[in-house]
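Only one chain comes next, encoded as C-alpha cells, the form predicted on its own.
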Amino acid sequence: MTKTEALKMLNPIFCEVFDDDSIVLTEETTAADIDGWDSVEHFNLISAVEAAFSMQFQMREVSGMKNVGEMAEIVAQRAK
C-alpha cells in the first residue's frame, strides 16, 4: 500500500469518527484543522484506524505523529 492510498482510506474513518462528512485530509492535516479533535477523540481515532487496518500503533508512534501524513506513512508500511 502506498502513502497516498492509505491517506484515501483514512479519510472516511476521520469523517466517521468526527461525524463530519466535509473532512478532506491532506498530508499536512493536524488536530488543529479538525473541529472536535481532542485527546478523547484522538484515542477513538487511533482505535478506529487500528481496527480498519488490522494493525496496532506503538505508543511512541502515536505520541510522535505531527500530522495525518505521518499516520498514513505508518499505515502504508504496516497495514495487512
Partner chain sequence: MVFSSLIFLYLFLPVCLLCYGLSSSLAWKNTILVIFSLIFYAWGEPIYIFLLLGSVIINYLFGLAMGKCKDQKQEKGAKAFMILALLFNLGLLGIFKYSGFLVENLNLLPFISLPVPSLRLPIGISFYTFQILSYLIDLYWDKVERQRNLGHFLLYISMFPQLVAGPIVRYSTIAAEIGSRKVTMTEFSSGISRFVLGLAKKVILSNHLSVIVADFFGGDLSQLTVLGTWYAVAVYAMQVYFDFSGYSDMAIGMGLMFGFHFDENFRHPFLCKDISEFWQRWHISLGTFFRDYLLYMPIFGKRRKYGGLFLVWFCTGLWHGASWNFILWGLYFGIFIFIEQCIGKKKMRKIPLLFRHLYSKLVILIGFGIFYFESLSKLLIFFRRLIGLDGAALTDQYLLLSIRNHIWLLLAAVICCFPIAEWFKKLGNRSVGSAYVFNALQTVCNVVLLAVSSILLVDATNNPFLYFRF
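Numbering follows the first chain given and starts at 1. All values reported here derive from a predicted model rather than from experimental measurement.
This protein has a second form, the form predicted in complex with its partner chain, left out of what is shown; the following refers to that one.
Student: Quick one: in the predicted bound form, does every one of D38, H42 and M59 get a heavy atom within 4.5 Å of its partner chain?
Tutor: Checked in the predicted bound form: all three residues contact its partner chain.
Student: Please run the contact check for D33 against its partner chain in the predicted bound form: heavy atoms, 4.5 angstroms, yes or no?
Tutor: Looking in the predicted bound form, residue contacts with its partner chain do not include D33, since no heavy atom lies within 4.5 Å.
Student: With heavy atoms only and a cut-off of 4.5 Å, decide whether E27 touches its partner chain in the predicted bound form.
Tutor: Residue-level check for E27: no, no contact with its partner chain.
Student: Answer for D19 alone: is it within 4.5 Å of its partner chain in the predicted bound form, judged on heavy atom distances?
Tutor: Contact check for D19: yes, within 4.5 Å of its partner chain in the predicted bound form.
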